[in-house]
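Okay, so here's just one chain, in structure tokens, the form predicted on its own.
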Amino acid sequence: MASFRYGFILLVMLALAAVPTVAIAIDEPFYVSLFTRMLVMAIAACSLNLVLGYGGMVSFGHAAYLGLGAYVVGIGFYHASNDGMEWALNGWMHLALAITIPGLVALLIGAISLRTRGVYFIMITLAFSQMLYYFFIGLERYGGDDGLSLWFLSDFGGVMDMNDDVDLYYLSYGLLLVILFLLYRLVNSRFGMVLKGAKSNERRLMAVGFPTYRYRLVAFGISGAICGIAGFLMANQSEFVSTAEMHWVHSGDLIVMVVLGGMGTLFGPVLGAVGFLMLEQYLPELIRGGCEVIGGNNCGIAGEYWKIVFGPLLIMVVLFARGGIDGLLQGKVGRNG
């Protein structure tokens, strides 16, 4: 099963690399945008997996870091277009700030929330996320609840063009590969061993002298920084920045992606993000088509209830596939113990 799993993951990554070429060949540029969003959400899911899958920290506020990374681009655009500050469109600066600001905010939130456990930790991360959500709603200067439409995107000085969907796709793909490599090195290092050990038995590690709080806090900060990268890419891909991306519902979506793909696995969040967005895109059409076959033509809104079907599918994955999609690839089928 191991060879099948590695072969399947390799096939998925090669297929993702070939998406722009295939989309152009069949004259369907829409697929470039669709799969770019998959790559962006895969990066965000990987960031959450570091603390949720490897560290056992159920953060319900990760959408806040996604939004912060997006607002770096949006605020830069606002000052460039309204105040003549053309340097505010510098893509390298956007990327650096999209890593730094969410990372620092995550450290601040983690410093407080990591002093709690269980449901209290979940609720504190949710509370901080909603605080940031309502804070940006109150910033009328930057669009408030209406968000910001971006007429100009991050400028990388001719190295790449964010207005070119293919350039943006391969930037997202390249960043995903870099992040996967860095996470692989991190979770297999001494730091990663302590993080995973703290998830299993934190008291035992503390008893032998490991400052687990510091390890968990650093992991939380790294996770926020990676999620900020996803926000930066999302803003350039959608050409729009909105407070809606910071809402707790999107934090829930990220958790679903991690669980669906496989918590505590390197490629699980990638598989989960691709699977989730594929279902989001095509499940409504399948439901609408099935309804029309059964009930005639009065099924116009049937597809809007796709989550009623998706919910039981997710429950079945949790109950019968230990480790999500990645667990299925490893042959882990049966009830969770």
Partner chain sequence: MAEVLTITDLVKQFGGLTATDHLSLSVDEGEVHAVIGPDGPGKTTLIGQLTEDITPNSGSIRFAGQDLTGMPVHRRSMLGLARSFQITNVLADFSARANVALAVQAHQGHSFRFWRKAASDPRLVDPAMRCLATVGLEDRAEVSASNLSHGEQRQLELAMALATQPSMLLLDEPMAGMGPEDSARMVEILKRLKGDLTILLVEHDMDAVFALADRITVLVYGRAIATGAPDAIRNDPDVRTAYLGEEAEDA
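Numbering follows the first chain given and starts at 1. Quantities reported herein were computed from a predicted structural model and do not represent experimental measurements.
Beyond what is shown, the protein has a form predicted together with the partner chain; the following relates to that form.
Participant: I255, I222, L97, L153: which sits within 4.5 Å of the partner chain in the model of the complex by any heavy atom?
Facilitator: By the 4.5 Å criterion, the partner-contacting residue is I222.
Participant: Of F77, F267, Y215, F136, which residue is found within 4.5 angstroms of the partner chain in the model of the complex when only non-hydrogen atoms are counted?
Facilitator: Selected residue: Y215.
Participant: Does the trio R185, N201 and F210 actually contact the partner chain in the model of the complex, every residue with a heavy atom within 4.5 Å?
Facilitator: All of them do, each having a heavy atom within 4.5 Å of the partner.
Participant: Tell me which of 162 to 170, 177 to 185, 116 to 124, 145 to 153 has residues with heavy atoms within 4.5 angstroms of the partner chain in the model of the complex?
Facilitator: Checking each option against the 4.5 Å cut-off leaves 177 to 185.
Participant: Does the 4.5 Å heavy atom contact test between M206 and the partner chain in the model of the complex come out positive?
Facilitator: Result yes; M206 sits at the interface with the partner chain in the model of the complex.
Participant: May I ask you to check whether H247 falls inside a 4.5 Å heavy atom distance of the partner chain in the model of the complex?
Facilitator: Output for H247 is no: heavy atoms all beyond 4.5 Å of the partner chain.
Participant: Report yes if any heavy atom of L108 sits within 4.5 Å of a heavy atom of the partner chain in the model of the complex; otherwise report no.
Facilitator: L108 lies outside the contact set for the partner chain.
Participant: Hey, in the model of the complex, does M193 get a heavy atom within 4.5 angstroms of the partner chain?
Facilitator: Yes, M193 is a contact residue.
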